[in-house]
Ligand SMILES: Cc1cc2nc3c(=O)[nH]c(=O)nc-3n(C[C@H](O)[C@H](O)[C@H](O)COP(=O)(O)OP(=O)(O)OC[C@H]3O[C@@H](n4cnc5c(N)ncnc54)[C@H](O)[C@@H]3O)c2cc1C
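One chain is shown next in C-alpha cells, namely the form predicted on its own.
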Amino acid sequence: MKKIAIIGCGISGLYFANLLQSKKIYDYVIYEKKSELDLNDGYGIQLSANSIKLLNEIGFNNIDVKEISFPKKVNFFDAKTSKKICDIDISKFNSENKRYTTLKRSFLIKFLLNNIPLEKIKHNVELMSVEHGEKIKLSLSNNLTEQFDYLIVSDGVFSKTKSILLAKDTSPKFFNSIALRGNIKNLDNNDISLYLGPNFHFVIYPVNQNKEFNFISIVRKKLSKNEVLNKNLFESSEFLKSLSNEIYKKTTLNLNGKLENIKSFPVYVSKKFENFKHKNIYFIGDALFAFPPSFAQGASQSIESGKEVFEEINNNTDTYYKNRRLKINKVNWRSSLNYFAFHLSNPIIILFRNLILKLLANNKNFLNNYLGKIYKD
C-alpha cells in the first residue's frame, strides 16, 4: 500500500485526506505544527458550485442545512452613500445540490475532520528537511525520520515546506492591504452585500440560517516591514479601533457597535507560480498559490487542487501543475481586476465604473465567461 504524507491541516489538506479515507487504498498521515485547531471562530468563507460538487462526493450534501446559507445574489453598493449600484444573480450557476454556499470556516473544518481517524493527525510536528530519491524521506521536529511514496504540501501561504524543497526564500509578498474581520448578527438580508469605497471595500454575508453574518473588509494601507511583521500591532485594541473607525467614517451604513470578535491581519499573496519539478511531491491550496482577496475563490480553489492531485495519483498522470497553472491564472487576474475596480477613488472614474457594472450585471455572455468559467468549469 502506497504511503502519503500530508503537511498541514487546512482546508486543502483535510479535503485531500477525506478522499484518501473514502477510497481506503492508500495509507496516510497528516503532520500539523499546531497543538490543536481553532474550531470555535465564527468567520465565514464562500464556496461556489465548483467546490460544492467536490465536497458532495464526501457527504457534504448530508449536513444540516441550518449550518450553511445559500445566497442568490451579490448586491453592489456605493459604500459612501449605501445606495445600490446593481446586483448579479449567482444562483444561475447553481444546479441540483450544487449551490453557491456561505458558511463558517470552522464548520467546514469540523466536517472535514469528522471522517478522519484521530490517529491519522500528528500535532506539534514540523517538517525539518526532505530527501527525495526513490522514496521521499522526511526529517521531522519530533526527531523521527519517515519514508513515503508521496508528499502533499498544504501548509498555507507561509509554506515552510516550499522554501525547504526549493532551497530558497519563497515568502509571499505583503499586498499593501489589511483585512478586518468580524461578525454581525440579526440582519435581514440573506444575500451577499459588497460595498465599494475609495481604497477599501467590505463584504457582508450570512454564514448559516441563524441570522449570523460575516464581515470582511480589505483596506489599502502601506506599512513598513517592521509593522507588517509586528503581530502585536494587529492584535492591539488601539489599532483595531483605529481601523474600524476608518471604515465607519467612509460609509453611511451604520456598523458602529455592531461588529463582534473583530480581528485584523496583513494580506499576503503569492509572488509568482513556482515551477515544481519534484516527482511525487504536490503543492495544494495556498501553499501552491495565494490570491488577492477579492474574488472569494481561495477555499474553492483549495478544494479543487486537492481533488486534482488525488486524480493525478490515482491515474498516474503528469498534468496537475500544467492544468492548475491555467486555472490559477484565470482566478488571479479576475481577483486583481476586482481589487482594482472595487477600490477606485476618482469620482468621475467611479461614475463610469458603476455604469459599466450595471451593464455587465445583465450581460449573459460576460457573466458566463467571467464567473461561469470559474464557478462551473
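Owing to the predicted nature of the structure, the values given are computational and were not obtained by experimental measurement. A residue's number is simply how far along the shown sequence it sits, counting from 1.
Unshown form predicted together with the named molecule; subsequent notes refer to it.
- At a distance threshold of 4.5 angstroms between non-hydrogen atoms, Arg325 is out of contact with the named molecule in the predicted complex.
- Contact annotation: Arg105 falls within 4.5 Å of the named molecule in the predicted complex, judged by heavy atom distances.
- Among heavy atoms of Ala17, none comes within 4.5 Å of the named molecule in the predicted complex.
- Using a 4.5 angstroms threshold between heavy atoms, Lys160 counts as touching the named molecule in the predicted complex.
- Considering the named molecule in the predicted complex, the lone stretch of 27 to 35, 313 to 321, 341 to 349, 59 to 67 in range is 27 to 35 [heavy atom distance within 4.5 Å].
- The three residues Ile7, Ile11 and Val125 all sit with a heavy atom within 4.5 Å of the named molecule in the predicted complex.
- Residue Ile218 is the only one of Ile247, Ile218, Ile184, Ile90 with a heavy atom lying within 4.5 Å of the named molecule in the predicted complex.
- In the predicted complex, Pro293, Ala296, Gln297, Gly298, Ala299, Ser300, Ser302 are the residues of 292 to 322 with at least one heavy atom within 4.5 Å of the named molecule, listed from first to last.
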